[in-house]
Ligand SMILES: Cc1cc2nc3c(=O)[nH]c(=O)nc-3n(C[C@H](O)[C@H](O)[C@H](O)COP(=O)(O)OP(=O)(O)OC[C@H]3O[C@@H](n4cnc5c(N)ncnc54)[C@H](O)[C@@H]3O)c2cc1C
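Okay, here we've got a single chain as structure tokens, the form predicted on its own, with questions on binding and movement later.
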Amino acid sequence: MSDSIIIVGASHAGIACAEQLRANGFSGQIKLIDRLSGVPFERPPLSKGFLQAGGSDDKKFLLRRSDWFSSHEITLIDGREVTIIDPETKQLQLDDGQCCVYDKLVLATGAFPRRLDDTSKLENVFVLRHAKNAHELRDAMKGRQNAVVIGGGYIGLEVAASLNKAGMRVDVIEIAERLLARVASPNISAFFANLHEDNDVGVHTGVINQEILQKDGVFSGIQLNDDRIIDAELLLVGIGVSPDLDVAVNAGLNTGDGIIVDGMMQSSVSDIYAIGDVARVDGAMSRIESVDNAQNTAARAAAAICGSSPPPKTAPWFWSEQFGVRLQSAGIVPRESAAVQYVMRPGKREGGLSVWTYDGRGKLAAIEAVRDPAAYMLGKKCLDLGLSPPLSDIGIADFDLKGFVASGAA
């Protein structure tokens, strides 16, 4: 077994990999290197509870406390960036000139939030990816009245809900014809559009920002392509992320929309693995950006390094919370087409529902549930077991879904 393992990136994937290495019996040296300073924070709360908190108890949002690193004998090198990886000598260099030697290297470099070129020099324009971004946004919210969010994905909608709860007037701008177009079914898109509009959030879909307005270098609003002007004092850009690939490309790793890896997260270069948001399994339709994927890929890499059994393959799962309503989903919603079918199933709780998406072959591809955790759990079980409830039955409230799953699992 290796004597020294370096993990580049100390967010969910990097931390989970270090933890799994110890759980699998690895007793050698583990170094975690992260470009951000300080102990890492959990990511999911940053767009929700963190923005709504007063700041007096931010430690509750820490991913791990300082004593976790010492108790697991893990060295955290924070505030340092890896500039060069030399696979031949198995060395990497940091931006302060320090060199580190590894036997196995795990890249958990994550992704960068995409930005708008015409906002690069403006004040009161924000992205949200790290705790530093969330701190800056939370400070900027104080005393502001109006905000614009560009991007109707999970992050954009969660931030819009948080800003609204803080008393701000919020408008969401989405270039696609519906919210969550890349990740959710049309039914769920419509549900959350109505939820935001019911809470006085302006939802503008199928439009683009023709011009970012500013006054003396400070963001002041946005003009849409239909000439409408929305005045605001704060802008959040939530238009997705790009994988952090520079150091991997320079080291000669095979990359595309991510670092290309096999099923055990091994890259094209021996003894270098990639996990989390930056990794793309060869043959997969896309990268998966979620805490669940970060933990699962971390466990796979740790198992490969330690020669342990990998975790079982399960359907990826996601969640979002907006205005106190939680969305739970599992599987990947296919790109919208005439062959893809969506079936709405009523939930047992008031206001509960689930949407079951079937691909062009009539196979269950995804389950999305709102106020219906039972349907979510049963749907995820179907996906994990490769079961597809009949299209003709799943929308019927008294269809025995639990019995169907039980018989399929037997």
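For clarity, every value in this text was computed on a predicted model and none was experimentally measured. All residue numbers are counted from 1 along the displayed sequence.
Below, we turn to the form predicted in complex with the named molecule, even though it does not appear here.
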Listed range touching the named molecule, judged in the predicted bound form by heavy atoms within 4.5 Å, from 47-55, 23-31, 373-381, 349-357: 47-55
Partner contact for residue 290 in the predicted bound form: the named molecule, 4.5 angstroms, heavy atom: yes
Distance check, residue 244 to the named molecule in the predicted bound form, heavy atom within 4.5 Å: yes
Exercise: residue 35 in contact with the named molecule in the predicted bound form, heavy atom 4.5 Å: yes
In the predicted bound form, residue 157 touching the named molecule (heavy atom, 4.5 Å): no
In the predicted bound form, the one of 111, 306, 253, 122 near the named molecule [non-hydrogen atom within 4.5 angstroms]: 111
Residue among 128, 261, 235, 180 with a heavy atom within 4.5 Å of the named molecule in the predicted bound form: 128
Those residues of 9-37 which, in the predicted bound form, come within 4.5 Å of the named molecule by heavy atom: 9, 10, 11, 12, 13, 14, 33, 34, 35, 36
